[in-house]
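Okay, here we've got a single chain as structure tokens, the form predicted on its own, with questions on binding and movement later.
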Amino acid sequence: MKKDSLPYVLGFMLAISAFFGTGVSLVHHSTKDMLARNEQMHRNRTIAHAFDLPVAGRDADAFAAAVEEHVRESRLPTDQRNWTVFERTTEAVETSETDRGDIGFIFQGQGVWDLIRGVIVLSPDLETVRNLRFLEHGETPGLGGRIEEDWFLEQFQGVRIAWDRPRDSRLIIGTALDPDAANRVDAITGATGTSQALMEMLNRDLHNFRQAFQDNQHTLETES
């Protein structure tokens, strides 16, 4: 068969497609369990850092054990969303007026390039941000990607949520009339879009979560 004939070209293309398609499928299948384990480890590590948990080691089992011992995960379904809720079950804040430990939930929204998801931890009365960590984002490395750097994340520790202000300004990332406002953190220089997107998703999810939590906190469905 001539190599420039149509049957030869089609047969060659089919053979190449089948070869590489089979290879990709085999790689995907053989690494599926490993990817799932790595994803679970990243999730546990993010939760452990967000709640500042004591972790006896640096491997996957250590982070899993810390989360299992100190944090209870629940579901809070509403008409608009099925919230993932975390509650610290040990070392609750002594000054709290409730019997609850710190409360966290997964926030999410559209960044400049892709979905941003993270865990935000609040005081039991939902008035103060304890910590914030990211599960995933696709922002530009060196610009918006700096949202996961310690200097940026540490700004959120102790920030007061201005629940008495309009919904879009309860947390401020960037400039404000009062640069020392208790509900403000610095934005990332050169990444205005990411900072603005993060501020919008946090304010939106804080508002919706507080409403859902206060309406349904006694009926949280404990995850099995």
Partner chain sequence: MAETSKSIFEKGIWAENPVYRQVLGICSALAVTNMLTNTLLMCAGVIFTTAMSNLTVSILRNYIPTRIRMMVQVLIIASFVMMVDIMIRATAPDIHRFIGPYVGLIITNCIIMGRAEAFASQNRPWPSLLDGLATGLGYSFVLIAIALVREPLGFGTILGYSLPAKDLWWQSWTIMIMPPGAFFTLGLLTWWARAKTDPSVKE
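Residue numbers count along the first chain shown, from 1. Note that the structure is a prediction, hence the values are computed from the model and not measured. Think of the rigid core as the biggest set of C-alphas that the two forms share within 1.5 Å after superposition.
There is also a form predicted in complex with its partner chain; it is not shown, and the following applies to it.
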Okay, which stretch from 42-50, 66-74, 180-188, 164-172 lines its partner chain in the predicted bound form, with non-hydrogen atoms inside 4.5 Å? 42-50
When the contact criterion is heavy atoms within 4.5 Å, does Leu35 count as touching its partner chain in the predicted bound form? yes
Answer yes if any heavy atom of Met1 is within 4.5 Å of a heavy atom of its partner chain in the predicted bound form; otherwise answer no. no
Consider Val27 of the chain shown here, and say whether it contacts its partner chain in the predicted bound form, taking contact as heavy atoms within 4.5 Å. yes
Can you check whether Ser17 is within 4.5 Å of its partner chain in the predicted bound form, heavy atom basis? yes
I want to check Gln211: does it shift between this form and the one not shown by 2 Å or more at the Cα, with the core superposed? no
